[in-house]
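First, one chain by itself: the form predicted alone, in structure tokens.
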């Protein structure tokens, strides 16, 4: 008993140290970003566009929301459908293996390579030019593998008894997937979508090749019109010698962190509330 208690205390201390190793740099990063962004925080930050290395972030905020919104609108249906195909309809076979392999490979491809691919295919060959659609499609290509694999793994964890009960009651496979297994796997699927969303929000390299940059709010058309985005401000302005430009970069970084945090909290609350409001399966 003494040896077991000693091992328990040792593991507790190691777990606490591991938590501190993660939390201390995170807290330090957040505090640094907040403090250094304070001089730039004002109403004009949200209502005026970027002017050179000064001004506000209206154009970058609207452009980021447009790019990420389009990317999620493209990648979520495709990714969930691919994950359902792998998890429910094609657990084995060459095609399923090829889809899994492709998803795994895409998650490891450097984002700048995908950006160059998007530049050659969409900006040059298709003639879209630097545009919101070219940037959104590139971000969607990056996001789809995360959604596919998270959907498949979430469906794999669903209790087989739920499927068997639904099929035994006369429901078809499509009905079983739509009304039983997808509902049971929803938390894991949402987690994968949030990871993909966070990846899309934090990317700069692929957008440099596809979305370009603009100091004006996004145009009403999606082609032949560059757009601004927050990660460009962080990447570019942080190296400027002017203090005002650096403060603007830290403000953009703070907005990105708040966007990720806000989306995570909102979506998880909605999923939790929907799960509590559903009637039990009978």
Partner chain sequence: MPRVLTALVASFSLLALAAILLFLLGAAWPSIRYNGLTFLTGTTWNLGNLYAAAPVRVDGVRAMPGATFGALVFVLGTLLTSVLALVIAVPTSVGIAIFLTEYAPRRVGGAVSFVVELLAGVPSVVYGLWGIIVLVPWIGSWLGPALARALGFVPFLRGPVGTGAGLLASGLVLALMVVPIIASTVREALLMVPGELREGALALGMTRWEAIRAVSLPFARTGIVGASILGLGRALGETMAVLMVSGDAINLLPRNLYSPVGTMAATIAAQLDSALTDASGMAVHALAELALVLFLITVAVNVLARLVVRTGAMRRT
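Residue numbers count along the first chain shown, from 1. Throughout, rigid core stands for the largest set of C-alpha atoms superposing within 1.5 Å between the two forms. None of these values were measured; they are calculated from a predicted model.
The same protein also exists as the form predicted together with the partner chain; that form is not shown, yet it is the one meant from here on.
Only one of 180, 190, 171, 205 lies close to the partner chain in the model of the complex, with a heavy atom inside 4.5 Å, and it is 205.
Comment: the partner chain is not present in this chain, but in the model of the complex one of 161, 95, 167, 73 has a heavy atom within 4.5 Å of it, namely 95. Although the partner is absent here, residue 194 lies well away from the partner chain in the model of the complex, with no heavy atom inside 4.5 Å. Taking the partner from elsewhere, residue 133 is found to have every heavy atom lying beyond 4.5 Å of the partner chain in the model of the complex. Although the partner is absent from this view, residue 44 stays clear of the partner chain in the model of the complex, with no non-hydrogen atom inside 4.5 angstroms. In the model of the complex, at least one heavy atom of residue 16 sits within 4.5 Å of the partner chain. Residues 26, 28, 29, 32, 33, 36 are the ones in 26-42 with at least one heavy atom within 4.5 Å of the partner chain in the model of the complex, listed in sequence order.
When two forms of a protein are overlaid on their rigid core, residues whose CA moves 2 Å or more are considered shifted, and residue 32 is one of them between the shown form and the other one. With the core held fixed, the Cα of residue 239 is displaced between the shown form and the other one by 2 Å or more.
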